[in-house]
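As a starting point, one isolated chain is supplied in structure tokens, in the form predicted alone.
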Amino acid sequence: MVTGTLCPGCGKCYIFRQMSDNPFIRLPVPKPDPIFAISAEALKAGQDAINGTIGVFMDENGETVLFPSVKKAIAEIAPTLPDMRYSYPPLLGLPEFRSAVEKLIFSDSEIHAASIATTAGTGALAVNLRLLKMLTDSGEIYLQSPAWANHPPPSSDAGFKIIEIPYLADGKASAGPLVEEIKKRKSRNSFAVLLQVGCHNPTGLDLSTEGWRQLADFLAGKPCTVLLDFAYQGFKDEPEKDREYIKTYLSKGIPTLISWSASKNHSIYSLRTGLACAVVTDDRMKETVEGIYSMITRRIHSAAATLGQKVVAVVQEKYPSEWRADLKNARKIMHEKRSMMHDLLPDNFKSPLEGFGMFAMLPLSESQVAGLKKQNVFLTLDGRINIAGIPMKRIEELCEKIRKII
């Protein structure tokens, strides 16, 4: 039995008689999150720093952008907060939120979708990965690399054996390596594939429409379930056009799960609002899957918080046109910043900057990234940059510093 005594320093906390008695010393030294750690350095460096790390849309003053349509919805909700219901929320989330997001993803088409509100896109991904593991005989999941830094860890936590496949071929997004690797499979057991839908993180480079269709054609009829990470609806094109990529998979009859996030496209990062959904065949299967979803989240956090759900529901009910205008303006700003960098940097930077959305992978070595840090420019070690986080007025300065270091 471990015993302790009162700390002689403060007289309040307990210390163990011997350090070897303390179970915490057996914990491994954790590796800091590579994105949040560098972002913390940038914040510590002050306002003069150029912070291209965490994926947040910033204004010219370095403040997180809140879309006007979302601000209206929040203002409308605010007076109701004192009288709002503060008991436990439904395990599946608010019906009006789930209905609004399902309409954004699937339109009004006759699709049966099981869904559950989650703690943002990360929560949707984690919940869907646990469901996906239950659907996969082989326990194998194919991930394209480079991928979002938070794809492999929750896949591993869900119990998957990860098979990483190159995402780029000759600097372009390609399904070829994934197709060739799956062709080598000898096992008939079912497997999983995790794909991003538009505005690829970290590269910003997406498969062409034809490439996306060819991959869907290849996966059709295979014993696989596809998990689509849909974190940036409306950041590449109109929300209706962005969801066409998902419809391609549904039209092929491929079993599909979707992880959706409101963080970027509703600018409510801190409210951690997302949706996990699965396309099913009928109402009975919908009820079963939603029961499984509830079982999964009950063991983690019970139910997702509802404020962000309310915000999304009000935006989609009362301000949908204004919301689409906000997204259009955001796309315009990101395109202008990307174009400026494309024009101001050397030729070998042009292809990596020809993508969509917030991110690009600049062709920089770790030593060059370290050199930029000395100039108060902060990027992740792999050269990923959040273009949407750089003020327009500082793009030229950023490019000048990059040219200097290379």
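All values derive from a computational prediction rather than experimental measurement. One-based numbering along the sequence shown.
Just so it is clear, the following notes concern the form predicted in complex with a small molecule, a form of the same protein that is not shown.
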Contact with the small molecule in the predicted complex, heavy atom within 4.5 Å, among 231, 116, 101, 258 goes to 231
With the partner omitted here, the residue among 160, 148, 323, 235 that in the predicted complex has a heavy atom within 4.5 Å of the small molecule is 148
My question is simply whether residue 120 lines the interface with the small molecule in the predicted complex - judged by any non-hydrogen atom within 4.5 Å. yes
Partner contact for residue 127 in the predicted complex: the small molecule, 4.5 angstroms, heavy atom: no
I'd like to check something about residue 272: if you look in the predicted complex, is any of its heavy atoms closer than or equal to 4.5 Å to a heavy atom of the small molecule? yes
With the partner left out here, check for me: in the predicted complex, does some heavy atom of residue 196 sit within 4.5 Å of the small molecule? yes
Quick one: which of 165-173, 262-270, 305-313, 136-144 gets within 4.5 Å of the small molecule in the predicted complex, going by heavy atoms? 262-270
